[in-house]
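Only one chain is shown below, in structure tokens, and it's the form predicted on its own.
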């Protein structure tokens, strides 16, 4: 049986980490595409030359030609400019929309049966544009945001409670930006509500809420926090790891429930937009959307986030995309 194949579009920081993670896990053969001559070839050669040391046997190759992504099972798109300090994800809209349009055309021509995971920012708009240009079924075009945002939220909770992060269950919904919605009420440590544990730790409900509010705020600004510290780029390891978790769920038909940016057709009272929600990922991409009950406050926050997404998409369409 032939191995699966993953194409990575964009040979920057995230693309390089993705290629290495896929190789280390022997998840699939890898082809890394970039328009910069020799860049993807150099990165993949470097990774491939560590195969004896790391013990992997998958093929890792770089290319400047879209034809080499042919027959890819999964395509992960990272192409686009990264954020710089003081720049919002939305500031990237015009430049990255031009890049995404070109990417969608290339993937449509050479990997028409692939399932596509988009990482490029502004995420919600880029997923929308890729699907529009490619014409792929909605279930085969998915945005990576919620997996990363949920991991960040979970990490902050684990550090605060001094427990293993793998025992944290927390999810972030909505758009990938400042309006994202960490679901505090559903956050738990192996079934025990996080708020209950915080109240016990501080013996003060008001203090517990203050601490949680700070973690929610940090989650919303987490990408910017990394950008500010790096000064010359944006996060690359954690977004790559998040996309790998999604790719593993798809290639392994794992039916994982992961917060993903998917097309809503009436779910959560949203129709016709890509928004982050709990999604069952399997061999067919987005196989099912899980609707969770939201209280009045949560629904208002989610609606606010959806409004930000619709505004972003409208701005993109106003630019002619």
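Because the structure is predicted, anything quoted here is derived from the model rather than measured. Residue numbers count along the first chain shown, from 1.
Although it is not shown, the form predicted in complex with a small molecule is what the next lines describe.
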Next item on the list: Classify residue 22 as contacting or not contacting the small molecule in the predicted complex by the rule of any non-hydrogen atom within 4.5 angstroms, answering yes or no.
Entry: no
Check: Using heavy atoms and a 4.5 Å limit, would one call residue 119 a contact residue for the small molecule in the predicted complex?
Finding: yes
Margin query: How about residue 14 - does it come within 4.5 Å of the small molecule in the predicted complex, if we only consider non-hydrogen atoms?
Written below: yes
Notebook entry, point to check: Is there any non-hydrogen atom of residue 29 lying within 4.5 Å of the small molecule in the predicted complex?
Noted result: no
Next item on the list: Heavy atom within 4.5 Å of the small molecule in the predicted complex: which of 221, 133, 197, 81 fits that? Just give me the one.
Entry: 81
Next item on the list: Find the only residue in 36, 57, 290, 53 having a heavy atom within 4.5 Å of the small molecule in the predicted complex.
Entry: 36
Next item on the list: Choose from 245-253, 212-220, 162-170, 143-151 the stretch whose residues reach within 4.5 Å of the small molecule in the predicted complex, heavy atoms counted.
Entry: 143-151
